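Just so you know, structure 1 and structure 2 below are the same protein chain in two forms, each on its own as structure tokens.
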Structure 1
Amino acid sequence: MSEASTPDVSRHGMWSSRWLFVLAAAGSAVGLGNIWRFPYITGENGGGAFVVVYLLCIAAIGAPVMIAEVMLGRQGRQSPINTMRALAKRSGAPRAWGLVGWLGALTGFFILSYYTVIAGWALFYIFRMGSGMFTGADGALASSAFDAFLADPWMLAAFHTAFVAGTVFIVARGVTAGIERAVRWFMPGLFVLLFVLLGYAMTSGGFGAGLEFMFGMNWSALSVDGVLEALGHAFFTLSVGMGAIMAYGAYVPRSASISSTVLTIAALDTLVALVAGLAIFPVVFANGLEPGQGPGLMFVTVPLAFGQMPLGALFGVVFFVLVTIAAITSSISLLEPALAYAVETHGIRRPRAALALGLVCWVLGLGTVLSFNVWSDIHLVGQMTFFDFMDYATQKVMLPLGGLLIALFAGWVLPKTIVGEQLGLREGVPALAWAVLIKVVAPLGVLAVFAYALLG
């Protein structure tokens, strides 16, 4: 592929503007982890001290790898699989580098298979909160209600099916009519709902405690494990290593600045996570509850907290609508890499490819559904259920491996002419800083994430 033959337009369509790409990529990055995990680990690891370290990790590792993914995508203008094949050939590199695209697409697809199950929980809780079930409820009721839900495979499968169907419907319509139109409405809606919840939290009586939990500058609480957690979250939160950002990068206009756009996305992702914490924890503290971690926070503690407050059922519904929006904007990005490849390589029409891939995803997701009930005693490796194994393989092995290989390819294999063309970095301090970050700092950081994920 000569430089002159590099296409300016993807066959799948293009983002209408830089801001639509920002919203789409931010939607991919903002997911379930932003709503419950980031606020919790911030509070547990020194508050403001953790945020400072996290922002440094974003700048040194997360953003450079994301910039590399967008750059590769925009240069290739194809699915991640075909982009990596073409760029490896153009770089005179071994064909094995093309497998990086396969790794990303498969990682995203496998994550999607269980992500839609968990997202289905949030969808179900919109109706559960709206029913008034948690108004005046105690902890035993909130916990037993969640346990009973997990024990019902038919109910889990129903909401998993609904979420897969919604994802397929949006992606089948294409980049402009489907994904872009969805994020054009969903992302502004997400920000509005988030700040509505923040305003409600400010009247809860626990806002001072939530603010101190999230932003108190407690350096003594920041351990080595906390630093590694900041490093890991800086990498995982931006959706790098799973093909989604490379696929979205293929639709970015040539005129858009990749570096400034990625920094804007990282800032929005961080803002959502921090504001989510300020919206959740004041409500939790106002009711004298302890902040839990994981599903225990989102599906037990938060419903219980809203149930104790005036208009709690209404704002509980708002909260789970917010979580569902965050999940759907992530899920559509996870399906796009595999779908783009099917359309390009096999000539399958987009709606048919979306339906076929959605069906495979749905079937795989049933393994996760059953892991919480019928198959809970079946272990694939060690004590891992089907869901545990899928989560471990993708989050602890495939994602960091994909991010590491992308950094190495962009830093050590890709011709400097492409970097200069895509990023406008040809010489001087900015070019040197990019080289150091992508060749040395980011790979070492991702290796640390890899080691911590496997051993920590």
Structure 2
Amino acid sequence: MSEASTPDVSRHGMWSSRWLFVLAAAGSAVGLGNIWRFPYITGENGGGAFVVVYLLCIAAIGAPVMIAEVMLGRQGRQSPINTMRALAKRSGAPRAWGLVGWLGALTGFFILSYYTVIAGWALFYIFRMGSGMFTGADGALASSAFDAFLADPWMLAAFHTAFVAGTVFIVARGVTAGIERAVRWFMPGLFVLLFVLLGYAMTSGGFGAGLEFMFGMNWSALSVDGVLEALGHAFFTLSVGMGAIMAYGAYVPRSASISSTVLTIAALDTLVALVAGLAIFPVVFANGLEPGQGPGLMFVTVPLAFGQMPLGALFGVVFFVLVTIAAITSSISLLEPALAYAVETHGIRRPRAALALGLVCWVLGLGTVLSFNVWSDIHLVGQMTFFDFMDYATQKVMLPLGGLLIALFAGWVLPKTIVGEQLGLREGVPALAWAVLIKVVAPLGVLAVFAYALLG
């Protein structure tokens, strides 16, 4: 059997069970994308119609690509770059498929550079909430407090630095049982707090308007760019298209069922995003705030909501602690592909590689820090600041492109026997459904959205 030639453990370590993989992958998937980005881009794109397109992208494109990534990772048992190379060789395909791994490592790096800046905001808001400054505050105060923070490059840089340091520290020690244990407690904690916020939102007086906004079908509000945004966000929120899940897949035990595991992860991720939206929009409408205000949305509405609740300062602290932790369990997975490659190929020790990669990302992140103040008038392309550009390039171009290539490789290049073994598929309806999704639906979906965005 072909399996005999495949090493069945990774040199970087293995998850101790299928369930720990679910937690680690959900830790990667659930992050700023769900609680910070999803509500604000939904707000910018007019709500309901955007949500529908996003859900479609998750189901028809994101989830199949996630299955493909786990499968490739588990078959290769190495960093995405080396896995793609090895599997290409084994499939008799050009070595250039390794470039998909490189694209992913670069994408992860770019995302990480701004992810740590935004996560730094959440870190700062732990202290802000703790100071009690939002107790009884109104919408205007919450908005202006956030604007004042963004205007201060030193503060942004300080918290960006702290978050990069935290990420490097954890990643340097490896994906240890410590992280796994933290994720096991903090992810449920985050859920509980989101539901507390949801409860507040339900009584805020704006719940009907929030529901209507998120699930009302206003198709005219959805632009061409909004469709591309929904696709890019589907990749971003599931952590697919850049090899993070492929890297984690390399540590998955052979006994785990890939498809049911991935469906669990995708469902959890989607649930967190929808609950975050339902917790945030009612507060927006009840306080006369703007749903399309952009990246600051969560940092205005959440303090505002907690400021009205008994023990709000305390809950607020806990909430931003959990957001920070959700972000860190994602940021480590952004670094893992490049890190694993550096360790495998150049024999660099893990801590050293983590430090070096972290440093590069820190420097790059300063561009994002400055784009909210000193460089806010400097536009790289069109009206885009440095942050806008990094965000656009990674989310709307690099991730979907990476996902497209991964789908093509898994669907058209990888030998059928390997796919059958990995996914436990024999002939029949499930095998056919998988083939249709990964060979046709996912690639054509990405291409269609790209074409629509270019022509529209």
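Rigid core here is just the name for the largest C-alpha set that superposes within 1.5 Å across the two forms. Here, a residue number simply tells you its place in the sequence of structure 1, counted from 1. These numbers were taken from a predicted model, which means no experiment stands behind them.
**Q** Determine, for this pair of isolated chain forms, which one is the form predicted in complex with 4-fluoro-L-phenylalanine (PFF).
**A** Form predicted in complex with 4-fluoro-L-phenylalanine (PFF): structure 2.
**Q** Checking I41 here: with the core superposed, does its CA move 2 Å or more between structures 1 and 2?
**A** Where the cores coincide, I41 still shows a C-alpha shift between structures 1 and 2 that is 2 Å or more.
**Q** Compare the position of the CA of G216 between structures 1 and 2 after a rigid core fit and state whether the shift reaches 2 Å.
**A** After core superposition, the C-alpha of G216 moves 2 Å or more between structures 1 and 2.
**Q** With both forms fitted on the core, give yes or no for whether the Cα of F163 moves by 2 angstroms or more between structures 1 and 2.
**A** Result for F163: no, shift under 2 Å.
**Q** After superposition on the rigid core, what is the displacement of the C-alpha atom of H233 between structures 1 and 2, in Å?
**A** Shift of H233 at C-alpha, rigid core superposed: 4.4 Å.
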